[in-house]
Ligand SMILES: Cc1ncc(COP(=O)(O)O)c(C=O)c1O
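A lone chain, given as structure tokens: the form predicted on its own.
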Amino acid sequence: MTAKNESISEWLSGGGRAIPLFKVFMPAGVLDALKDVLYSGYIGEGPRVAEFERRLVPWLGTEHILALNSGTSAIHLALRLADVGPGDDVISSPMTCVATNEPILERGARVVWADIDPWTGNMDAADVARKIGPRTKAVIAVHWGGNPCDLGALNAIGREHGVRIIEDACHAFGARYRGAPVGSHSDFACFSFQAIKEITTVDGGALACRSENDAERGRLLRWYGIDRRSKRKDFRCEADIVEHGYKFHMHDVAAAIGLEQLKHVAGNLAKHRAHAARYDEAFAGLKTVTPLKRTDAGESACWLYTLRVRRRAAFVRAMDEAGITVSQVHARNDKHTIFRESARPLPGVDAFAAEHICIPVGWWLTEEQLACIIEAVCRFDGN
């Protein structure tokens, strides 16, 4: 490794000046797994992808799982399976990555913004109910930071109005709601295995479906609409295609990495949650710094630890001086030009977006770094 690469690795691992907000987890065992796949003669979608989907079942709580090339593709595919198209409305949250909401535009539909609870960052189910209309085809609910939304209320609304509920669970791998895994409650749940998520396949994702029929249709659509399980006279030539699809599938190289990641994810999630609990205790009663609340019926993945801070710009400067990386992580989507036609008053989003900031909470933090973060936050609050 060159000196330059060593310095980058040191910084990313927290050995440099800044304590990182995110870090890529990559176990040593992945090298042997990759070697086996790379020299197997089969690196496309094959047996490793099928095995990865099987190993995801206990984590997502359903057998109807499609491994894909990204979490964004999972959202695209969920909207397609929900038959969202031109002239339809999709209710969504603006507090998320734009990858949640741009697929709505790609389908030719209109975004209808729901407000959020400013103390969780999650969609306000009562506001969703108010905004359901005759053109509403789906709701996309984002689990901010890995903390589950009120899935009971949202799915009750979906059933009442015949509207499909899509969970953007890209922050929430390993989270639970009412004792069951996130992924098992709604029509669809979309997961990301991008570089800095709870598990990574370098890039990748998964779509969990409640319906077997949706999963089977999705299995076709993720590879151009081709039925790869059908018997063909020529193994290289597809059977008749009845519905056009995409190139959204995962390949065996990514799946091999994912299989190794799954061996470690429970331990890493436990560290995230333990660090969040330390912060909860340390920050209780602070005057200008307040942690977000977590859903009573849920267990968060604690991918993010978000604070609301009255003097956010000063807080960011103080954390920078202490060598702690902080970020809002996501900016509100409704201010982007591409969504200008959907603009509407959102007081909960206003309150949240004016103050929210995320501090490091991940598996990589040492006791010394945790103590440094806690001391810096409490010192700021006291000034």
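Position 1 is the first residue in the sequence shown; the rest follow in order. Model, not experiment: these values are computed from the prediction.
Keep in mind the form predicted in complex with this ligand is missing from the figure; the text below concerns it.
Checklist entry - Do Ile91 and this ligand share at least one heavy atom pair within 4.5 Å in the predicted bound form? => result Taking the distances in the predicted bound form, the answer for Ile91 is no, it never comes within 4.5 Å of this ligand.
Checklist entry - Heavy atom to heavy atom, is Asn333 within 4.5 Å of this ligand in the predicted bound form? => result Flag for Asn333 set to no.
Checklist entry - Is Ile165 close enough to this ligand in the predicted bound form to count, meaning some heavy atom within 4.5 Å? => result Output for Ile165 is no: heavy atoms all beyond 4.5 Å of this ligand.
Checklist entry - Looking at the partner-bound form in the predicted bound form, is Gln261 within 4.5 Å of this ligand by any heavy atom? => result The answer is no: Gln261 has no heavy atom within 4.5 Å of this ligand.
Next on the checklist: Residues Thr72, Val142 and His171 are flagged as a possible site; in the predicted bound form, is every one of them within 4.5 Å of this ligand by some non-hydrogen atom?
Outcome noted: Every residue of the spot touches this ligand in the predicted bound form.
Next on the checklist: Just to be sure I understand the contacts: of Cys97, Ile157, Ala175, Ala276, which is the one whose heavy atoms reach within 4.5 angstroms of this ligand in the predicted bound form?
Outcome noted: Of the listed residues, the single hit is Cys97.
Item to check | Listed residue (Thr306, Ser184, Gln194, Thr295) with a non-hydrogen atom within 4.5 angstroms of this ligand in the predicted bound form | outcome: Going through each option in turn, the one that passes is Gln194.
Checklist entry - Any idea which of 64-72, 27-35, 345-353, 42-50 reaches within 4.5 Å of this ligand in the predicted bound form, heavy atoms considered? => result Stretch 64-72 is the one.
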